[in-house]
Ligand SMILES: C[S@@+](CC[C@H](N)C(=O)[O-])C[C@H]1O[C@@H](n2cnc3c(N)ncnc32)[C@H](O)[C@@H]1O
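In structure tokens, one chain follows: the form predicted on its own.
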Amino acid sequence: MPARGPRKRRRGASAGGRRPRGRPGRVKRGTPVRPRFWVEATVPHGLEPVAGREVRERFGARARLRRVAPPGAVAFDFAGPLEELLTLRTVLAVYLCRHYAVPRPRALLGHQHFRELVAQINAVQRLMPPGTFRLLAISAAGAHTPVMERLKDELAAATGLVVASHEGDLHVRLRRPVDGRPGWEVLVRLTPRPLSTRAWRVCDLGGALNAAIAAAMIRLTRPRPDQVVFNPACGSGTLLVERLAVGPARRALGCDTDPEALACARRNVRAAGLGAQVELYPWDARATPLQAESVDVICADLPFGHLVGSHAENVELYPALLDEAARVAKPGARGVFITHEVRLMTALLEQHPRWELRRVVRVTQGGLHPRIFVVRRRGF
């Protein structure tokens, strides 16, 4: 037989036949591997791109956005503790998701699938102190069929929960896969209440802005710590609290002519621990004592003309408020306004000599479809 030549060294192997330690992309033995979760965050319709940016900026490479997600949602794979997901602010709720390759929900009662489903729910239960979750609710097509009723009872018995007659604090959703795969998807909400239900909101006014929408508006202002932020017609203070939740500001001011609204805003600001950082004044937003060109950001939830104000009042209010906002805004300052008076606001901004319209975002809140107008003060 011919003599064998020298054995070729395997690619990546050392002279001793062992792979070098510390090579990039390799996981050393004994290194804990972070579990990767499939997560879906529900979002106000129209704000999916804003929420997606928050996910990427907050978690970096640990969050990988999925291409397919239902409208009003952002789906992503996440590597890290589930508790970190509770810090997201532009989303309504966050769900832990899992795909089950079963032809119909009845098969979820099978031993293997049922055990995985209980483990999915237990992972969510562990996020909160014992006893936080008490009532189990399942939403699905045919939620009141005998199969679904049995599934509820079996899950309640296995998780120590009670089946809710209406709404539950542990919310489970069943649906067909949004990407068209066969099987069923199960989503379990991570929190007893939606994330947009803020703990600091101890006082609420009719027509108050949804906190997730407010947080998205704040992100559109491009917040920086050196900014003077002004919230005319501040209402219950939602925008001010959400602004300071992102980070500090040089000054954060709000004004309203309604004493009840100001009292409500003070309560919410104090509950958020921001009483020393927010300035609230009984000013008319159409004529404030602020110096000209002294504000970096103006952000406002304008009266929609439904629960608050009327269209006739808005026809008088909006032009004066925009003029005053332009007076106090520095050249180049950013303005972000939300309103349901779309035609009125569009016409005013198209004609305004000092506001330049940069972007319009259509969103959904409470069955209405207001717009977020992003503008810039001319003269930059």
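Since this is a predicted model, take the numbers as computed values, not measurements. Residue numbers run from 1 along the displayed sequence.
From this point on, the text means the form predicted in complex with this ligand, which you will not see here.
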Problem set entry | Of Arg173, Arg286, Lys152, Arg89, the one that lies within 4.5 Å of this ligand in the predicted bound form (heavy atoms) | Arg286
Exercise. Of the options Val39, Ala326, Leu317, Leu348, which one has a non-hydrogen atom that comes within 4.5 Å of this ligand in the predicted bound form?
Worked result: Leu317
Exercise. Glu242: heavy atom within 4.5 Å of this ligand in the predicted bound form?
Worked result: no
For this session: Please check if Leu85 has a heavy atom lying within 4.5 Å of any heavy atom of this ligand in the predicted bound form.
Result: no
Exercise. Going by a heavy atom distance of 4.5 Å, is Leu205 a contact of this ligand in the predicted bound form?
Worked result: yes
Exercise. Taking 4.5 angstroms as the cut-off for heavy atoms, does Gly168 touch this ligand in the predicted bound form?
Worked result: no
Seminar exercise, completed: Here the chain appears without its partner; judged in the predicted bound form, the stretch of 130-138, 253-261, 70-78, 289-297 with heavy atoms within 4.5 Å of this ligand is 253-261
Exercise. Counting only heavy atoms, which residues in 207-245 are within 4.5 Å of this ligand in the predicted bound form?
Worked result: Gly207, Ala208, Leu209, Ala233, Cys234, Gly235, Ser236, Gly237, Thr238
